[in-house]
Structure formats: structure tokens, C-alpha cells
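Below you'll find only one chain, the form predicted on its own, shown as C-alpha cells.
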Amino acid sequence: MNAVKISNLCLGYGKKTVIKDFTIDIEKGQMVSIIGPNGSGKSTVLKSLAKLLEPQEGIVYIGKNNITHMSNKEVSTSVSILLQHNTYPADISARDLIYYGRLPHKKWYQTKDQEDEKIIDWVIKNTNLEELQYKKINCLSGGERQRVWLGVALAQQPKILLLDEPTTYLDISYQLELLELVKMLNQRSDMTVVMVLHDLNQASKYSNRVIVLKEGQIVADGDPKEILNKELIRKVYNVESRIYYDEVDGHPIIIPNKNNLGGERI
């Protein structure tokens, strides 16, 4: 069963086309990373899946529904997205902000109830925000805010979770903690996860499928163990590298060569 089906998608801003003839099917329960150099269109694809960007051409299906024919509220009950940059009301606590993730599931006249509180408690526990839940957002560090915004996305109880460079503002321990949490949610609840990642080794370790973009087009798509190799890294990032394989699960570990000058961050 497909969670997402995209056919002949073209995306852009104004008259500029960024994504060209993009066609993929993402099965329910897959954990997918979209990778590629800066400007390749990774985040643009993610925005189209959350109906934040209308297609120039092509069709996006969420389940069996054409996203164009879905209301924003309907999309929000199935899909949640964690963006790189988010705005928030002044002087709001972490817990109150997380409640915003419940709003797509409520009618305009409904207020917070016991079920909402139960879900918020679960989110706070699983994002390690117990000690921060009553603090104001503007008093938190960038990494702490990122965990709160993940909490907002999880409070929506989405079938599809979209993450746009979710580890950007986190130190290494919180990066791994967040990705382990997302992996756990994927495995326990069969939640489909689509992430944009810069770190190829994180994409390799935490994805069962990687889609590689360059200049708005797919250049590789498949199991990271099968497609992440020196030739692909050279072609996409203009970087020479060495590839090792993890002793536990066999995922590729990519090491750029010391003598690389310039090239893209991997």
C-alpha cells in the first residue's frame, strides 16, 4: 500500500522550476531520506507533500487522495512536517505549543480534553521534555526548541511524518536521540517517515531507502547498502571518498578523502 504517490511532479517558485518530472511511490511504513547537494530541491519536495507548495505540474497522492483536492485540515490529520525554521507565539510554554499539534483533530468549538492531555504527556516523555515543558519557548536553546517542534509534529499523530533537516540545531547526542526516536516510532506504529538530511551517514544508518537528488532530478533511488558508493558520491557531490560497512547491520559509512578541496558537504 502506498502512503505517497507522486507522478510527473514539477515544482518551483515563480517562473523558476526547481524539481523536474519527479515520480516516486513511497510505501506505508518506509523510512526514506532525501539527500543531495544544496539547491537540489530536497526541501521543496517535502513542502509539496505537506501542501505548503502547489505543483506547477503533476499530481501528489496522500494514500488514495489527490492532495490538491484535500483541505489543509484534512492534510494536517494525515501529514505533519518539522521545518528548519518555525515561528511561534511570544511567551508560550513548550507544553502549550505542543498542544497546537492537536488542533487539526478538533472542531472549532472543542477545547483541550483528557485525550489531548494523554497524547501531550506521551509526546513530552518521548522527546525528553519533562523538565522543559513549562518553560517559555524564547528561553530555550535552539536544540531544545527543535525538540519541542518535533513534539508539535508528533502530537498531530500523523500517518506520515516529514522532517526537514531535523538535526541541524542539535549536538551529536541529541541528533542520535532524535533519530532513534523517529526510528522507534516508524517501527512501532508503522508511521511513514520522509526526511531531508545533509549527513549521508545518518541517512545511511536510519533509512531503508534513500532518494538522491541533483539539480532537481532523481539520480539514484534505493537501499543505501546498494546505491551509496564512491562513484555516486563523486557524481553527486564532486567528492572522492572511502566506503566502509558497519559490522552490525552492514550500512555504508562514507569517509571523504583528506585531499578533497571544495566540493559539497556530505
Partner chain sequence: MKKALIILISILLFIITVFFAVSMGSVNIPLKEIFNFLFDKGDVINKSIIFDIRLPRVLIAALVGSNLAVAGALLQSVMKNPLADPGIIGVSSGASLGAITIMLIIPQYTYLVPLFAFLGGVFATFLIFILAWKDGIKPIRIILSGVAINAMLGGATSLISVLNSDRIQGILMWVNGSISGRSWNDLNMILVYSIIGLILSFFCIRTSNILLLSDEKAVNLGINVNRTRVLISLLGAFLAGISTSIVGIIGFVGLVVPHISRLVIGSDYKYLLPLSMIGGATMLLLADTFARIVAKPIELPVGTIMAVIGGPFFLYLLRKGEKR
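Residue numbers count along the first chain shown, from 1. Computed from a predicted model, the values in this text were never measured in an experiment.
Although it is not shown, the form predicted together with its partner chain is what the next lines describe.
- When contacts are defined as a non-hydrogen atom within 4.5 Å, all of K51, V79 and Q156 contact its partner chain in the predicted bound form.
- Proximity to its partner chain in the predicted bound form, taken as a non-hydrogen atom within 4.5 angstroms, holds for one residue of K225, K47, H198, K205, which is K47.
- A heavy atom within 4.5 Å of its partner chain in the predicted bound form is found for one listed residue only; from L103, L140, L129, V182, this is L103.
- Note on the interface: of 119-127, 187-195, 147-155, 174-182, the segment with non-hydrogen atoms within 4.5 angstroms of its partner chain in the predicted bound form is 147-155.
- Using a 4.5 angstroms threshold between heavy atoms, K135 stays clear of its partner chain in the predicted bound form.
- The shortest heavy atom separation between D91 and its partner chain in the predicted bound form is within 4.5 Å.
- Its partner chain is not shown here, and in the predicted bound form it never comes within 4.5 Å of any heavy atom of Q114.
- Although the partner is absent here, T168 sits far enough away that none of its heavy atoms falls within 4.5 Å of its partner chain in the predicted bound form.
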